[in-house]
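Quick heads-up: it's one chain on its own, the form predicted alone, in structure tokens.
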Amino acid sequence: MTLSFKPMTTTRFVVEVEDIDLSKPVDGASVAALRKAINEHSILVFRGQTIDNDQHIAFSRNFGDLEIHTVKQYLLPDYPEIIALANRGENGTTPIDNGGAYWHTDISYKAKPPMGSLLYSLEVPPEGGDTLFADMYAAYDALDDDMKDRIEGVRAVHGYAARFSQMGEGGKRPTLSAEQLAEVPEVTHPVVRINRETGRRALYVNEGFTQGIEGMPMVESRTLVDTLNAHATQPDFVYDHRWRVGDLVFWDNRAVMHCATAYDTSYPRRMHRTTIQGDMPIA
């Protein structure tokens, strides 16, 4: 199988992968090409796919073991590797309208955050419900030297409980049990994260889960995090993915953050996500 990669932005961080059917097993050479591509481009888009849950999981496992999300209420029955992001719920899962409508990197609040996420669209509204992605390699590269020096070696605190509680106001989210809260204690990660495979440097903070800078006064800490997030989400660094049914998007959580956009919730929206386990971020 020979794959082709079509650029989707003027920068290199998003490409469409052509000439591949994910309902069929992917050969070793193609997996190697996709591994190389995710390191080079950060986001791979597969259009027009028709896959079932087993095929989604099988394709995802080519890139590593899969993460089981802490909030079991969203996991698809019989397929705990899949989180169902469905505004009507699915097979008894808790409905979720637009839970990621803030800039975040998936599960950055764990000591070993996931390497990547693979989101597959089953039902989409006629407009809206896009996902925005920010290129954190480009965002780091564009910082001035003073800011690069300021954040070198600095660590940020990441947590989930506060964000989940905030999203749950008004009964929109289930309550986390004591056992679930115990799975997600606060952790620290370098503000500048290095890809172990390529040596590339990316900003590694986000609006959703980065609570502050370790050892820094609260006001100064919050100002720095907000400044870095505002810098990273400038239009020059952002790609807007407009979903079609049958899209599968594979993104590198080490290198991008993302944000869901609003849509008319009178329309159904149903997506399935698998999440690839990662390693401890290094500076």
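Start at 1 with the first residue shown and count on from there. Owing to the predicted nature of the structure, the values given are computational and were not obtained by experimental measurement.
The same protein also has a form predicted in complex with a small molecule, omitted here; what follows describes it.
From the list 193-201, 102-110, 139-147, 153-161, the contact stretch for the small molecule in the predicted bound form under a 4.5 Å heavy atom rule is 102-110. Put simply, of Gln180, Thr93, Asn98, Thr188 only one has a heavy atom within 4.5 Å of the small molecule in the predicted bound form, and it is Asn98.
Put simply, of Leu85, Ile213, Met115, Ala134 only one has a heavy atom within 4.5 Å of the small molecule in the predicted bound form, and it is Leu85. Among residues of the shown chain, Glu207 is not one whose heavy atoms approach the small molecule to within 4.5 Å in the predicted bound form. The closest heavy atom approach of Val14 to the small molecule in the predicted bound form falls outside 4.5 Å. Heavy atoms of Leu119 reach within 4.5 Å of the small molecule in the predicted bound form, making it an interface residue. Contact check for Asp130: a heavy atom falls within 4.5 Å of the small molecule in the predicted bound form.
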